[in-house]
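Taking the form predicted on its own, here's one chain by itself in structure tokens.
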């Protein structure tokens, strides 16, 4: 199974904490960028075989990330979807996620997305507190976020589809536990199918990092953030959510009053493992270190034995796609860098990423089937050390983080870098 990531880097304004490849004030490039994105999809699809499948297999997830993909007009989105369907074989139950910011969509736009095939929305809500949204330089209020979720439900993004995710941030400078509890409670009142909770990090080049360094804001308190994380995990469990990744919680589907797990581990037999029904299938592709293609400015991909990335600048990306010649699958004229991934590196990445999955971890059978050797043979010393430090648990069927180690998971990840 293959996944596609499509990056749309335009924003109405740049958030103070954001270090993504995203740009404000470039709305005039959105239409030509969308045309270039559709062209890149076709170029890579054609390079992979005349039927658009070839060695890649079927596509089971698409993800439009940014930036703010919801700034793209519907006619441009329709062109991109046409290119995808012409170039790749999508499964009947393909999960199609689009990131959107409250205040950038209306009912007609959401209905148009749904008609095109989008079946999951991820809203960057971030906070329910007006002062925190202002600090982040967000363009919306929490009331507007509530209205946007209501419109999404009206447009068909409900539990019959893959539902709605809400992103929230905690550990904000000056944030009190009471404000965080209020934000989470108000988010839960919107009844999302999925929640992603991220501890604020001060990334290089961001406005917020500069404010903290200049003494204009207090530095985030890691101890307070840890308490917020543990409280949120307990609260979400009471609300019917299950944590399946360090920063992600999902509902299971309620059928006849019973909660049911439905996502199978795609690289194991059907009876081997299941995850919450509304877990994000696309992100599971990354955490399982399975192949994906990246399209757009700054997009990354990993397939056919190497990782690659495209040029960052939207203008340079457009120019390269418009004037460049096709390249061997999976590359395009927008390529900036490609790095070979040998087997040992792939195993290291599978271990590091798999430990993010709090329930699934790294399945022993899947690792052996993929690499022809057990992880207990390759990493005997590392696993022994981490087990002795009470950071992981290793059983006959899988290795995974111990619940108490989720706050210090970097101590595990660094063993495999």
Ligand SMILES: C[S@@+](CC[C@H](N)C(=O)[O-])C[C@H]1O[C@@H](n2cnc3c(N)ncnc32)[C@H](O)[C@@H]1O
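Nothing here was measured: the structure is a model prediction, and the numbers come from that model. Residue numbers count along the first chain shown, from 1.
Although not depicted, the form predicted together with the named molecule is the subject of the following passage.
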query: Interface stretch in the predicted bound form with the named molecule - options 363 to 371, 33 to 41, 384 to 392, 62 to 70, non-hydrogen atom within 4.5 Å; finding: 62 to 70
query: In the predicted bound form, the residue from 110, 347, 128, 200 that sits within 4.5 Å of the named molecule by heavy atoms; finding: 200
query: Listed residue (290, 245, 167, 95) with a non-hydrogen atom within 4.5 angstroms of the named molecule in the predicted bound form; finding: 167
query: Residue contact check: residue 100 to the named molecule in the predicted bound form, 4.5 Å heavy atom; finding: yes
query: In the predicted bound form, residue 17 touching the named molecule (heavy atom, 4.5 Å); finding: yes
query: Partner contact for residue 124 in the predicted bound form: the named molecule, 4.5 angstroms, heavy atom; finding: yes
query: Residue contact check: residue 138 to the named molecule in the predicted bound form, 4.5 Å heavy atom; finding: yes
